[in-house]
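Take a look at this one chain, the form predicted on its own, written out in structure tokens.
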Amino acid sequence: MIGAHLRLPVGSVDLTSHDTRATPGFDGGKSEGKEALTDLDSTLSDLQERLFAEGQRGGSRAVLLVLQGMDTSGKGGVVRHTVGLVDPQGVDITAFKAPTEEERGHDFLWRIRKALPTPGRIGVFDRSHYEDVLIAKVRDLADADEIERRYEAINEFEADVVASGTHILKCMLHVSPDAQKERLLERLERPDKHWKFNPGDIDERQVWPAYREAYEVALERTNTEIAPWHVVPADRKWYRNLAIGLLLRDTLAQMRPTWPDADFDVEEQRARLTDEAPVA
């Protein structure tokens, strides 16, 4: 399974040792990768529908996919091309922006808890509670003691979420500064991409080393057995999308969702339909 190639080992983290253009666990090229993603469609759809059906009949299980990465790492692309393979009726997507005034009046996990997927659903966090130990650390939005408290709070929170029946799949989309620059330039060169460009992204590039360090610390401190991190090379968009698809498929397959038993007599209902008078 691809998770064995992408799962982050426990211990200190050095992101410079992870090749952002690598394709761990996949030997093919771009065309083969796109075809492999397309081939996941039926399997992912079947597993997701089984999970959804479980939830409709009293099941307690769900999946939370956490997508975290620098700007242009491809969180939106994963949502469109990978998560888009399953029935949108069973998916909840939350893109966390800067907290509102109301949210700032609560603990940082308050708004996260409100967005957790309900039974039978796949929840997707486009950015997440990790912003509160990443940008908050780099931009001094919280003091050092509070950042330290948040690492432990995150671990306790995720342990509770898993205990409640939700499987957490955490993916750090690892993009290089060069790939990010190329993607930002493309947004400037194409009028149809101007809406995606944020001048603030260039400001954030100026403190790239600080972000890398913040990611390394956050990954190390929150890479638990219950909710491990996966580092997904993101310079090749096709591989990024495929890798997340394979991780999602494997997560669902390990859960083995099953069709719930009918809560009625199937043969009785079949007889009713067979013996009924013609409908005018």
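By rigid core we mean the largest C-alpha set that fits within 1.5 Å across both forms. Being a predicted model, the structure only gives us computed values, none of them experimental. When you see a residue number, it is the position in the sequence shown, counting from 1.
The next section is about a form of this same protein that is not shown, the form predicted together with a further copy of the same chain.
Trainee: Taking 4.5 Å between heavy atoms as the contact cutoff, choose which of Glu158, Asp126, Glu103, Glu131 touches a further copy of the same chain in the model of the complex.
Mentor: Contact check passes for Asp126.
Trainee: Since exactly one of Ser60, Gln254, Ser45, Ser31 fits, which has a heavy atom within 4.5 Å of a further copy of the same chain in the model of the complex?
Mentor: Going through each option in turn, the one that passes is Ser45.
Trainee: Report yes if any heavy atom of Glu220 sits within 4.5 Å of a heavy atom of a further copy of the same chain in the model of the complex; otherwise report no.
Mentor: Looking in the model of the complex, residue contacts with a further copy of the same chain do not include Glu220, since no heavy atom lies within 4.5 Å.
Trainee: In the model of the complex, is there a heavy atom of a further copy of the same chain that lies within 4.5 Å of any heavy atom of Gly165, even though the partner is absent here?
Mentor: Looking in the model of the complex, residue contacts with a further copy of the same chain do not include Gly165, since no heavy atom lies within 4.5 Å.
Trainee: Would you classify Val266 as touching a further copy of the same chain in the model of the complex, given a 4.5 Å non-hydrogen atom cut-off?
Mentor: Val266 belongs to the contact set for a further copy of the same chain.
Trainee: Under a 4.5 Å heavy atom criterion, is Arg21 part of the interface with a further copy of the same chain in the model of the complex?
Mentor: Outside the cut-off, so no.
Trainee: So if I measure heavy atom distances to a further copy of the same chain in the model of the complex, which of the stretches 105-113, 165-173, 143-151, 72-80 falls within 4.5 Å?
Mentor: Selected range: 72-80.
Trainee: Scan 238-257 and write down, in order along the chain, each residue with a heavy atom lying within 4.5 Å of a further copy of the same chain in the model of the complex.
Mentor: Nothing in the stretch sits within 4.5 Å of the partner.
Trainee: Superpose on the rigid core, then tell me if the C-alpha of Arg272 is displaced by 2 angstroms or more between the shown form and the other one.
Mentor: Arg272: C-alpha displaced by 2 Å or more between the shown form and the other one.
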